[in-house]
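Listed next as structure tokens is one chain, alone, in the form predicted on its own.
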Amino acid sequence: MGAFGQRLAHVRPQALGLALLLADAEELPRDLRRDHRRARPAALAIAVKGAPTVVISGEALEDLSPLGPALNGEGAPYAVIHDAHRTLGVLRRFGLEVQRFGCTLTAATLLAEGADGQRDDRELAPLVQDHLGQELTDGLRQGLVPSALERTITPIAAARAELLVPLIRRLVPLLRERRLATIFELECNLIPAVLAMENAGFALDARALQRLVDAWRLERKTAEEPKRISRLDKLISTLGYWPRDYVELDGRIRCRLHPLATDSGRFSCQSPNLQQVPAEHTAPGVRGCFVAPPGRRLVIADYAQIELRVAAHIARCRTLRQVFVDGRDVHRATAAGLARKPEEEVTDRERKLAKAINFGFLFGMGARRFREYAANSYGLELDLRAAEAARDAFFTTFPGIAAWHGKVGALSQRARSEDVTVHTILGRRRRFPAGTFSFNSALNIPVQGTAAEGFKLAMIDLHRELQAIDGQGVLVIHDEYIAEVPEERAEEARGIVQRTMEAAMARVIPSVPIVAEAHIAGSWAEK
């Protein structure tokens, strides 16, 4: 392997195919067999045009660092990988970093435009068939090698590696044609930051969480109120097994993050789903179990009213833009329009109603649905007439939003007989095949997707900036970013996080001021 690395470093090809096959560890649950932190490599194949494909297997996989000089540094080749997230995570465990890469799974997911329901779960074989007209008949699912095939893995791995460069050369022109090249580059650049976050994990006081779980179970035995019973059942089923199954020996809990598993580009999370951790007002004490270790502090940050700011930019709504340019409270501005009074005279209840109005009607909610939303989320009881008046007031206050809704609504006519596509600012596309158009999704995806893209740009920058001060991101949840940093540099880190988040989002949304709020804490519960 060392000789091959030296030869590769000498030849310096522009591109190479890199295929990693994993042993199908049947002792693990199926959803964990692709987890880069647990996977066992079966073979690594490297294909360079005009040279024999090299396949590494067996004990040689235990230390891949001799390949490092050939795949990094100035003039490093462009490595084409299928499922770079998983592959790079595994290779890192065995000493190999890959500096420049492109992911055929990422390209195919973006090109599918959310229209086929597969998300980021795409086999290599159908892509090869569709774009190269070749059969890949190795029978592998998700790149996992059954034990019966491990002894004959060399030709299988080689065949996969040899197809990757030709495949990316077919996919890249399609990305450019559909203006997806920018978002493809962003998603590939994001992968190292995501891997670092997954590997870092979040420190968790498992004993404290177990005490909470035990208390819920005890209360469940005597609870009588149906809503409380339902709530307890959900907490127990969601969090009850985390202390036992997911907290590792170092006292940290590590999830799997999926940057491409939603139409909008927002992250999804699993094993466990830390996005399900309830807020303090919903389940007191839970977030307090997520802590900073001794000598460290948390920096917790999120964007202020980011979806409304993004909508103001996308809809070109002058009125809503001006609220943010002036530094005014957007919910108070809506309340003033509804009550027909100066903003300074708006009451707390009127502002709460306006908050429900802004977030409820922005994405196309009707008056009847809004009544339920206001009651369940804000404790506000409204009759249908009041809900309809609230909707009218929202669109009267922000006519640019009303015009944007009208333009999106007009797409529904065409969508009955033809495909319709919406997109984010950076070009991520969501295609609705004829007859499947959703007005609410067509409003939601460009806004949430654009916000997600600005956030991902920030994550890429923060990964680099925080490393320089021995800090590390540990979790993302929608618009929230949590970092763990040295205690003595916590204030410096807070400033880095806030400035970086604002600057990255401003590159995507330049017409509206961006505000990120960050604070230092000892636990996730602290404000």
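Note that the coordinates shown come from a computational prediction; the quantities given were computed from them, not determined experimentally. One rule holds for the numbers: they count along the sequence shown, beginning at 1.
The same protein has a further form, the form predicted in complex with the DNA, not shown here; the description that follows concerns it.
Participant: Looking at 227, 221, 407, 385, which has any heavy atom no more than 4.5 Å from the DNA in the model of the complex?
Facilitator: It is 227.
Participant: Consider the chain as shown here, without its partner, and state which of 213, 186, 314, 269 has a heavy atom within 4.5 Å of the DNA in the model of the complex.
Facilitator: Going through each option in turn, the one that passes is 269.
Participant: Test of understanding: in the model of the complex, would residue 448 fall inside 4.5 Å of the DNA by heavy atoms?
Facilitator: Result yes; residue 448 sits at the interface with the DNA in the model of the complex.
Participant: At 4.5 Å between heavy atoms, is residue 367 in contact with the DNA in the model of the complex?
Facilitator: Residue 367 belongs to the contact set for the DNA.
Participant: If you check in the model of the complex, is residue 262 within 4.5 Å of the DNA, heavy atoms only?
Facilitator: Close contact exists here: in the model of the complex, residue 262 approaches the DNA to within 4.5 Å, heavy atoms only.
Participant: How about residue 340 - does it come within 4.5 Å of the DNA in the model of the complex, if we only consider non-hydrogen atoms?
Facilitator: Result no; residue 340 lies far from the DNA in the model of the complex.
Participant: If contact means a heavy atom within 4.5 Å, which one of 484-492, 498-506, 458-466, 471-479 is the stretch that engages the DNA in the model of the complex?
Facilitator: Comparing against the DNA in the model of the complex, the contact stretch is 471-479.
Participant: For the stretch 238-259, which residues lie within 4.5 Å of the DNA in the model of the complex by non-hydrogen atom distance?
Facilitator: Residue within 4.5 Å: 238 only.
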